[in-house]
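Taking the form predicted on its own, here's one chain by itself in C-alpha cells.
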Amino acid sequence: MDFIAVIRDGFLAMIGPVTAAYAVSAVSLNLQFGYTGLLNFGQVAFMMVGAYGTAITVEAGGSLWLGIPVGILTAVLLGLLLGLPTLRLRADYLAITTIALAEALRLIVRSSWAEPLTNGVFGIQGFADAFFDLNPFPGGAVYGVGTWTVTGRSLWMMIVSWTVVLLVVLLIRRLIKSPWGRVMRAIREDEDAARSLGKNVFGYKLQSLMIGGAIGAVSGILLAIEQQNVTPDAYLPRLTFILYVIVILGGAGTILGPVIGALVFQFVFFGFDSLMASAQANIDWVGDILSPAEAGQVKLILVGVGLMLLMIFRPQGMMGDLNESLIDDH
C-alpha cells in the first residue's frame, strides 16, 4: 500500500476549507458547551439557517455581501427564539429541544410547500460567484509540490476560511478572558452560586446561545460558499455529533482545543478513508471480507472506538486541563 498517499490525503483534508468550517463551528459549540455548560444538540440548525439565509437572499436578488449578514442575523434570531422557552429548564430539556428543532427545520426546508423559497430537496446552487470573482489565483492553476497540490480555487477558499478561524478564535479568547467569560465559567461550574451573587444566569445563557449560534452560522456559510451549494440533507444530526467529537477530542473549555480537534479529526478520518481504499485495491483478502461500502464505514467504527478510548484515558481532551474539564469524575 502507498502510505505516503494515505498521509497526503489526510493532510490535504486537514488543511482544507471544510476543516476550517468545522473548526469555526466547533469553536462556537465550545463556547456553549465547554464554557457555559449548555447541551446544544442542534448546532447543525444554526449552520443551516446561516447557509440558507445567505443563499435565499442571493436568489431573491440581493448580493452575497448582503446575504452573509442576513444569514448570521437569522441564526441570532433562532438562538433567541430557541433560548427563551428552554433555558430556564434543565440541561437535558435543552438537548432534546435543540436536536428536535434542528431536524424539524431540516424537514420543513426540504418540504414541498417550502420549495418556492428553498428549492426543496434540490437546494440552491451557484449563489457564491461574487466570492470567487475576487479570487486572485487562477482557478485552473495548481499549487504545491508533486502530488501534494491544491487548485487556485481551493487555495483562495483555504486562505479565507482559515483567516475566519483565526478571527473567531481571537474573538472567543477576548470574550473568555473578559468578566463576561468569567461569569460563563461560573455558571458552568455552579448555576446556583452564580445566581446567589446576583448574576442573571438566564440572560448570560441566552447570550451564549445567540453568540454561539451566530458563529455557527458563519461556519455554515463557509461550507455553502465552498461547495457553491446548500441542500437540506447536508444538515443531518450526525454533523452535530461530529462537532461534539471534535470539541471533546481537542478539549472542551479550551481556546485552541476545537481547532486542534478539527485538524486531528479530519486527518484521521480521511487518512483512514484513504487507507481502506488502498487496502481494497491492493490486499486481496480485504476485498474478500469487506465490500467497498462496508470498508467506507470502518472509519466511523474507528472514530467511535477512538472516542471511547479518549474518554477513558484522557477525558479532558488533547488540550484540556483535567481540573477544568466538564467530563471528568468531579
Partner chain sequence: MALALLAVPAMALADGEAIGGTLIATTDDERVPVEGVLISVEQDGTLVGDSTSDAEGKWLVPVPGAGTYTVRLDVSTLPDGVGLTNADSDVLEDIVVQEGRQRTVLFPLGEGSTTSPPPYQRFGSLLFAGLKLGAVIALSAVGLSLIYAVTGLVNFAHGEMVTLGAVLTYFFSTSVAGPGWSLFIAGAAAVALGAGFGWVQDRGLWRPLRKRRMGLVAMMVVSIGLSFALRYLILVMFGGTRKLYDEFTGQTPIDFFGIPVVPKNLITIVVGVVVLALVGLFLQRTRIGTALRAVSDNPDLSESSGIDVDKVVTLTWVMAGGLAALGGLFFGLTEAVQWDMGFRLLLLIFAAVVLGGLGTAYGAMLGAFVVGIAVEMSTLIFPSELKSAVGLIVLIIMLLVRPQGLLGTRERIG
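Numbering follows the first chain given and starts at 1. None of these values were measured; they are calculated from a predicted model.
The following text describes the form predicted in complex with the partner chain, which does not appear among the structures shown.
Stretch 100 to 108 is the answer when you ask which of 129 to 137, 218 to 226, 100 to 108, 156 to 164 has residues with heavy atoms within 4.5 Å of the partner chain in the model of the complex. Using a 4.5 angstroms limit between non-hydrogen atoms, T147 is distant from the partner chain in the model of the complex. In the model of the complex, at least one heavy atom of P85 sits within 4.5 Å of the partner chain.
Of the heavy atoms in S63, none are within 4.5 Å of the partner chain in the model of the complex. The partner chain in the model of the complex comes within 4.5 Å of no heavy atom belonging to L249. For the marked spot (L39, D192 and I301), a heavy atom within 4.5 Å of the partner chain in the model of the complex is present in each of the three residues. Along 74 to 101, residues P85, T86, L89, R90, A91, D92, Y93, A95, I96, T97, I99, A100, L101 each place a heavy atom within 4.5 Å of the partner chain in the model of the complex.
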